[in-house]
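Next up, structure tokens for two forms of one chain, structure 1 and then structure 2.
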Structure 1
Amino acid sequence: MTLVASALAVLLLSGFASLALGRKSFAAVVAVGGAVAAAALGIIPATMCLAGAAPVSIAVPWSVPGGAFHIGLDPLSSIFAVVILAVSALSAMYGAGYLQGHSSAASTGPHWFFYNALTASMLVVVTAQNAVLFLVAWECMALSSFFLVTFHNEHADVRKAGWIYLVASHMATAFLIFLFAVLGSRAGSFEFADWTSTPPAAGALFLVALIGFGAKAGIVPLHVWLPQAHPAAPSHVSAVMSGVMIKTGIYGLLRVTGFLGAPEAWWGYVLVAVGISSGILGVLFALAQHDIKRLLAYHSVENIGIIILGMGLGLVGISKGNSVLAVLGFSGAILHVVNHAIFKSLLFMGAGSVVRATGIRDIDSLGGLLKSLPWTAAMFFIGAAAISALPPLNGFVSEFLIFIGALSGFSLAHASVSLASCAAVASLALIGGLAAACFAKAFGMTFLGEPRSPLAHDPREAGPAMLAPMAVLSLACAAIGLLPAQAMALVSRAAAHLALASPVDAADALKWASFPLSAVSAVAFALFALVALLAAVRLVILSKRPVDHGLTWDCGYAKPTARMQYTSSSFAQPLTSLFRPLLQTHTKGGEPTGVFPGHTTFSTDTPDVFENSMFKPVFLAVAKVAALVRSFQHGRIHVYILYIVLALLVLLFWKLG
């Protein structure tokens, strides 16, 4: 744990150094160097723990009532620590290139301070062994990410997104304070190690934890801050927030569920229902978006739903005594935490490269970027295939574990388990198909065809500082997909602990799934190798022949224009129309009519129905009440003194009475 403490110290010292440097050009170099050095220090003990080393901890006295600076590593916290440190370091390297030459780059010292503070607070959250320390780190994480989201605070929509995020974070924190206060007061200690007995009303506390941690994770309907904050933040911050920060909500839910005793079956069914609704609604809302970063933000909701679905199956397996279902459910959920961190960070970086090169986030204004941004396009394609769960990439491995775990649930003689398993299998299939359609739209509208806007005609490829982290993440997508057994081995200890199974039972359950995974990966790898071989043979054959280039035959059109191409609205229209009762999509324009149709337009707009129907009315009501109360707060000191005198008189009469 000395290395983890050293990593925290390096993060904070380099953050304060960049803050002191302020406008100096090498403030970013100091902060990025600190993030990379901290990752190198912290990943070592975490990897050792995953490899089989005993859990370790370190405790330092702290004068805060009930608190102690007590941090530790076990298999579960080690997985999250590795992901946090690795993604944060790569995103910092990307961010240095992304912000270079930016109009706000002269004041990046405070930005990098909050970036390293965010990384440090996330690391403390997943290693904290004391509830007070956990809550302090949780609040530091919320505040530092707020300042990162509002980096472009000169824009009104960015300020609005930042405040929405801050309000959502503190509403979630209120639930967590209540949860930890109940657990700590009952145990007589705020040390997690003392929370060993089952508390009364454990089911109610589970729901409180689901709301508190689910709001940070972005489950439906508590997700409304997420599509606001992620597009507003710089792309490397979006990569960290979507890739790892929202996973602290998953970590907290996994950790706290272990403090509540043996889970009841309905806990698992609730998580399965939440996971299915978040997964399906998240990908549907993503499919209807035109802003590339907002589209990716809704896919975070989708993938959080997949993770929650796996956790729900794991809890059902524990309650029914089926170790195979429990191990596969938790293994798929934890591995998907890792996989989503990899491919979602890659996708946000790819989107950031597009935005930096063109200045455009609306994919209807893009197109034809494959020629000018070939490396970005190739790596964005890898991330798109991975998030669509296509083999042989990493997204397929974790979703397949959840899928095959759900299939194992049919072996139980319980109608409720079979129904939950059937719903899980069907929803995973639907989510995968919709995700593939969505990223066919996102990649095709952005990189293929002809440019739809003059601003997209002369973009330039990103520099090495931005491409190198994307290349590392692309290789990680392929490595996990091609080596699924090794990836499952890394999460097996944590899954066995969560599933209340022995390491032997966990290994047997994962072996049951490793053979088909390895077979699919081997076939896919052989197919790609064959394609590469044929491409090499073609290149050799044509090397001594003249090769001419011409337009592809396109039904007689010698020079197609951007108006002859699909827009994102028209591409997604068949699916958005099918799910219109859920999406409430607004349509403008219509289809061409007549033999010689005139000018016709077609566009769609899909606002978040939960934001408009649930949260906006509540906040408007609160604003009206606040406006009434505001009349009592007008800054006149003598009136405030009168309030105090009246309050004292009321208390006096009450006491005398």
Structure 2
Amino acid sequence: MTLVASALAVLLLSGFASLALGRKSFAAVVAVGGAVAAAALGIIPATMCLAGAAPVSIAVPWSVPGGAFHIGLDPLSSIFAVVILAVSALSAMYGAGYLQGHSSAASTGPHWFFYNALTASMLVVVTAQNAVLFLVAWECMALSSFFLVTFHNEHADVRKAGWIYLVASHMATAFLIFLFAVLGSRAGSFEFADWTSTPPAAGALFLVALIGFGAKAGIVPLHVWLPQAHPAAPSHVSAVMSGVMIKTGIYGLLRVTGFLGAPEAWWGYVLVAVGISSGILGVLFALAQHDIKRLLAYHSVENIGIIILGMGLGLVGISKGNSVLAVLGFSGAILHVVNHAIFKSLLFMGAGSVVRATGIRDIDSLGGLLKSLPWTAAMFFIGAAAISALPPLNGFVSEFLIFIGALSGFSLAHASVSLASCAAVASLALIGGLAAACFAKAFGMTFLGEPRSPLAHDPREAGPAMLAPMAVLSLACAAIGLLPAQAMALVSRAAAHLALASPVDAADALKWASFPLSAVSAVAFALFALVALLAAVRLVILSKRPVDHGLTWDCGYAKPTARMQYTSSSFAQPLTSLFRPLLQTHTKGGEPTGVFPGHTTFSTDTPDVFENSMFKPVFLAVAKVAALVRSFQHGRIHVYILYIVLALLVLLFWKLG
């Protein structure tokens, strides 16, 4: 545990050091060094805990009422801690390269301070054993990420995104303060260890937790801040926020569900429903986007949906006494947390390299970048295949666990469980198909074909500081895909604990999964071997045959141009028009007029339906009410003093009378 504490100390010290260094280029080196050192320190005890060491904790008294600096590592905390530290360190390395030669005059010292503060606060969030400490860390996390999002605050849209994020974050925190206040006042203590008895109205508290933590995680319809904040932030920050920060919401929900006593079946069904709607709507909105980072942000909503779906099946499993469903549902959810952290940060880094090389985020204007950014393209390809849940990569493994968990739900006589499982399977299949479509679009339109618009300058491949972290993440994608049983072993203790399964039941559930997982691994290796074999066959055949190069065959048309290629909007059009009622895509122009139609333009735009039709009216109403109060506040100091005097007089009379 001292190692975790020293990791925190290293993060904070290096953060302050880079703040002090300010504009000097050395600031980044110090901060990145700190992040890497902290990761090295913190991952050791966390891995030991995952490997089977007993949970450890450290408590330091704190003068805050009800609070104590009490942090500890159990299997659940350890998984999140490993992911947070590893992804933050890799993203920091990437960020150092990304911000190099950064043109804005702003000093990067404060940026790196907030970066390390974000890592430290996330680490405290997932290890806190005290509610007050948890909330303080939660708030530090929100604030430091706000300052990271608004790094390019010279742009108005970045300021707007930051503002939406800040408001969303704090509204969610209000729910959490309420939740922890109720739990704490009832138990008479803010130590998590004392929250053992089932509180009254546990179902209502569960919903409060779902809203509070769900907003951070990005479930539909509370996701509206995500597609705003992620594109606005610098890419390494997007990688951390999308890869790990939103997962603290998942951690919180998992942790708090444990304080609410035995879960009821409807909690599980609610989570399954929320997971399905987040998953499907997230991927549909992603399909309709043409800003690459906004597209990736919506995919976070989708993947959070898959995680919530797994958790929901887990809760259903607990309440119906089906330990296989419970353990596999939670295992799938936790492993998907890990997997999503890996491939989503990889994809944001890839997108960042594209943006840095071209200055363009609009996929419709890109194309053919594979030739100038070969390494970025190859690694973005791996990330794209992994997030589409394609074997032999990691995304498939976690979804497969949820799938076979759902199948185990079928063998029960409970029709409602079977229906939930059935809905889970069908929607996972639909989500998988749509995600593959979306990433065929994202990768294909960005990296393949010919450039769709002239670029200001030739794109240059990212440097080793940016490529190395991406390579590590790509290898992790392949490693988990090839060795799913080992990955399962890492998460199974936490999952068995969450599933309230006895050791015998847990072993039973693992036995259910172990054979399919080893078979998946065998097929993954066989696939690699077959690919190598076929590639060798092709090479041998072609070595004796003529290989010519020519133009793309455009059905006899001799002068194809880059403008004739499909764009991302046209590629996604069949699907977006199929789901038009949900997406409400606006189209502008494009209608040819007259006998000899001349020049015309066409554009589509898919704003967030929930933002426009759900939150906008509410906030406009709030603003209207607030405007009524505004006449009290006009900046004249003597009137303010009058208010104070009047208030004092009222208090005086109230006390005396």
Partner chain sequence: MAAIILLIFAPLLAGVINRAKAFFAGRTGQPLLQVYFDIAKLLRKGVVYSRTTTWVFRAGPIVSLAAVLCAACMIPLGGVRALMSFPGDFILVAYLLGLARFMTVLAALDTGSAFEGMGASREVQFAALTEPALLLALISIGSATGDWSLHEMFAVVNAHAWAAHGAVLAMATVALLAVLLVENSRVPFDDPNTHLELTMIHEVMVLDHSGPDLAFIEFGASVKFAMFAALLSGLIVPVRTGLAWVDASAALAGLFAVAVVAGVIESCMARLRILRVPQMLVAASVLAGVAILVALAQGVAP
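Numbering runs along the sequence of structure 1, starting at 1. Since the model is a prediction, treat every value here as computed from it, not as a measurement. Note that the rigid core is defined as the largest set of C-alphas that superpose within 1.5 Å between two forms.
Determine, for this pair of isolated chain forms, which one is the form predicted in complex with its partner chain.
Comparing the pair, one sees that structure 2 is the form predicted in complex with its partner chain and the remaining one is not.
C-alpha of residue 602 moved at least 2 Å between structure 1 and structure 2 on rigid core
It does shift by 2 Å or more.
Align both forms on the core first, then report whether residue 505 has a C-alpha shift of 2 Å or more between structure 1 and structure 2.
Passes the 2 Å threshold, so yes.
Is_shifted residue 640 between structure 1 and structure 2 (CA, 2 Å cut-off, rigid core):
Yes; residue 640 is a residue whose C-alpha shifts (by 2 Å or more) between structure 1 and structure 2 when the cores are overlaid.
How many angstrom apart are the two C-alpha positions of residue 533 between structure 1 and structure 2, if you fit on the rigid core?
It moves 4.4 Å at the C-alpha.
Distance the CA of residue 544 travels between structure 1 and structure 2 [rigid core superposed, Å]
Its alpha carbon moves by 9.8 Å.
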